[in-house]
Ligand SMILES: Cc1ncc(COP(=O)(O)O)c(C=O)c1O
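So this first bit is one chain, no partners, the form predicted alone, shown in structure tokens.
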Amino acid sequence: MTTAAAPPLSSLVRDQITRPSPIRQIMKMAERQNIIAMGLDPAQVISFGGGWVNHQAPDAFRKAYQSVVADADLFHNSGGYTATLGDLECREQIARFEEHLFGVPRLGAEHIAIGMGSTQLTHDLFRTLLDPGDTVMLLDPTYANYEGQFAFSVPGVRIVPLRVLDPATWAYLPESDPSGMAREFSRLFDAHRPRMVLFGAPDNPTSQVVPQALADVMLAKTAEAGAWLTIDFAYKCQYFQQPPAYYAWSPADHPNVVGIHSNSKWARGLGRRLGWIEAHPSVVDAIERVQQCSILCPDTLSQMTMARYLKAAIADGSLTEYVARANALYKHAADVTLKAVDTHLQRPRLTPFGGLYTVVDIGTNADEFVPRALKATGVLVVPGGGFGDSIRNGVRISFGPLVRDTAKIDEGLERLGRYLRASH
């Protein structure tokens, strides 16, 4: 008896399988079995590849989970559906969270849609706001996953890059040449008329923020043209300097502005999937229809505990204290990283505004350099090309996973520096 071959996958998926995420490719290379196959001891590998945080979640947050699980009735209720947009109390507490930490005014539950993390919400947001063939403006460099999310949510989207890093000088152009950057943005916007402008704050991989003056130009141009200005705030709570004024922009005042938010980073909820969108009520209503066909509803247990924790932590002031302590940890890890880069690599790099990363110019094609360096040194970094053409000769270095073991940051970059000098 012959077995028939499986029917073909969709053409879209077949195409995307041939173009996997560069971050996932390099992280797969670092899986234990592949490390062993290279002849390396997994215990000696130091990874700067992961885009994840490693500080402790608030203990009061953990206890909120305990209180729900310990109560038979509450635990029973946590197994039920919430509304597609999320539980009303949780949405109200998230609005208070944003006002309490960042002063976002006039934000209510009607402006918030909760989902299963910012990745799912970003996919559904693109499906909500864009049509096939629309143009989107992204920074170069920026988050590597956007391109795949566009492909799966709205095929045919055309991406126009706004270069914000000069590969010759490794300068962040919105800071080094603000007027020139504003002119270049306006030129590209007028030439391509994008339906959406999207940037991260801080951005991944650079950990830079768009200055307020450029954000104001973006707001004015998009509002006048009837386009969306979307800000990815996945790392919003991780800041080492005073945040710009647009951190407090509200969709109640700016109906074309949409914020994407995540619980993954600030409270180390990477695996406890919860995120939210802040947008005009018309956008929130539209996302409800999309989420009815994608997730049906967000996780109930996570929402119950989030609402409980935020209500108490805002009232007693511990939320602000917790965010400040976490930021101090990451600021220290960033300082250790920059000192080690300057000492051992002696190559151009960026100073993080917040977030988890810096990018370093290694002076050669990083796609070729990274696997060779991993095999020779047991140190993993992420090649920059997946984030944009401007940093093909650069690498992303994440200090997030090593925030509680900063000695490994210096050790890893010392190894990498020796190899870099020997290979040149």
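Each residue number is its position in the shown sequence, starting from 1. Predicted model, so just to flag it, every value in this text is computed and none were measured.
This protein has a second form, the form predicted together with this ligand, left out of what is shown; the following refers to that one.
Here is the short version: of 119, 222, 82, 153, the single residue with a heavy atom within 4.5 Å of this ligand in the predicted complex is 119.
When this ligand is considered in the predicted complex, only one residue from 126, 330, 228, 235 comes within 4.5 Å through any heavy atom, namely 235. Contact with this ligand in the predicted complex holds for none of 96, 246 and 254, as no heavy atom of theirs lies within 4.5 Å. The stretch from 277-285, 336-344, 110-118, 176-184 that comes within 4.5 Å of this ligand in the predicted complex, counting heavy atoms only, is 110-118. Contact annotation for residue 51: at least one heavy atom lies within 4.5 Å of this ligand in the predicted complex. The shortest heavy atom separation between residue 146 and this ligand in the predicted complex is within 4.5 Å. In the predicted complex, this ligand stays beyond 4.5 Å of every heavy atom belonging to residue 311. Taking the partner from elsewhere, residue 91 is found to have every heavy atom lying beyond 4.5 Å of this ligand in the predicted complex.
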